[in-house]
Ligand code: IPM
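Before any questions on binding or motion, here is one chain by itself as structure tokens, the form predicted alone.
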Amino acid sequence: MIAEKLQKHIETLIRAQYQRIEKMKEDKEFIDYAALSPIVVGLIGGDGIGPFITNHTYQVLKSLLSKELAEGKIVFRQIDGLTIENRAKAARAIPEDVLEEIKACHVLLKGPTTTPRAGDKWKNIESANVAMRRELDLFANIRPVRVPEEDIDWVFYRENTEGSYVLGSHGICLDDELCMDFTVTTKEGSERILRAAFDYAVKSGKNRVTAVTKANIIKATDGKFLELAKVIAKEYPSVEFDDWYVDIMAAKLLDPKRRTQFKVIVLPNLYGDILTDEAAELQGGVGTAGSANLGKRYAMFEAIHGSAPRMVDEGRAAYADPSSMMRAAVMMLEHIGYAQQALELSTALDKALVSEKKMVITGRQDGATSQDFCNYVIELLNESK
């Protein structure tokens, strides 16, 4: 009985993955943002501190893009339905009507969303992020980390639609004694994230790519990822290539002698999630880091941290740091072709967070509010004009 249950479950998963592979093969063309008029940007507040930091980032973008908004080149569209209350009520990671709103946008600026765990007061639904990456095929999660004074300048290319996460909600408990989860690696999915990393290394001048796996232990899936990385590396002779196992890589990111050598780091989903949080801590914490989730037809930009429900419960949401969302907005502007505006916002954030630092956000009443920081960034943007 147990064997039959497991066989049926695995057959269902395998069929779904082969269908996904065929869809990846069919979807070849990337969207041309220069041909769009207007570019529709969906604003998703999310949960917890999300609506606060998303709103303050929107205020900054309205100031920065006032000309483009007036000319109708960019349109912001508010999407309110991706809250934990609404998702729990619908018993779906993304309710159908909300997904339709999302797909009507070209790019998304998204606040953090809550993912319930077993035992939480909310129904244990799938992560909205995981579902969105799958539904929009946002296969590349890009997370830059910069600490100039320590010569750290890394860009992580994390595979976003495979690994442990894509099947994280599809594990099975065969009985009270045995539970199993699954991970998946495909040739198509691995090749596209690897090529994206190598292409970026060439275009940016960061001529080193490091693949991170645990292929010595996880021999099938991680082994496949590393095998493909070595094959693709041969197509880019100008780019230096090496590979590290995830455990020692976690240590070397903290090694002042070694870490300055890393440039572009490409890795499967779970390892990317963990190592980028570690890396972000070196530049001031996960609250300072933004990320891009890129596909061929859609793109989503967000902070890398969670929704911080404790801050809301303790009445501290107004003191949340919006700089992570603003860093994500920089990446969004670059992606849609507004490089100058991206540079202006990035420069203002560097001044606000590093060089001038007239106010400090602590997350508590002894620091600045999110609105104060928002006003400060707008002031810096106006000074630069």
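Computed from a prediction, not measured in an experiment: that's the story for all the values here. Numbering starts at 1 and follows the sequence shown.
This protein has a second form, the form predicted in complex with this ligand, left out of what is shown; the following refers to that one.
Novice: Answer yes if any heavy atom of Asp222 is within 4.5 Å of a heavy atom of this ligand in the model of the complex; otherwise answer no.
Specialist: Output for Asp222 is no: heavy atoms all beyond 4.5 Å of this ligand.
Novice: Taking this ligand as it sits in the model of the complex, is Leu253 near enough to touch it, meaning that at least one heavy atom pair lies within 4.5 angstroms?
Specialist: Looking in the model of the complex, residue contacts with this ligand do not include Leu253, since no heavy atom lies within 4.5 Å.
Novice: Just checking whether Thr186 would be counted as a contact of this ligand in the model of the complex - the rule being heavy atoms within 4.5 angstroms.
Specialist: Contact check for Thr186: no, nothing within 4.5 Å of this ligand in the model of the complex.
Novice: Would Leu136 sit within 4.5 Å of this ligand in the model of the complex, counting heavy atoms only?
Specialist: No.
Novice: Exactly one of Thr115, Thr210, Thr83, Ser164 has a non-hydrogen atom within 4.5 Å of this ligand in the model of the complex; which residue is it?
Specialist: For this set of options, the contacting one is Thr115.
Novice: Please pick, from Ile304, Ala196, Ala215, Ile125, the one residue with any non-hydrogen atom lying within 4.5 angstroms of this ligand in the model of the complex.
Specialist: Comparing distances to this ligand in the model of the complex, the residue within 4.5 Å is Ile304.
Novice: Would you mind picking out the stretch of 146 to 154, 72 to 80, 126 to 134, 260 to 268 that comes within 4.5 angstroms of this ligand in the model of the complex, counting non-hydrogen atoms?
Specialist: Single hit among the candidates: 126 to 134.
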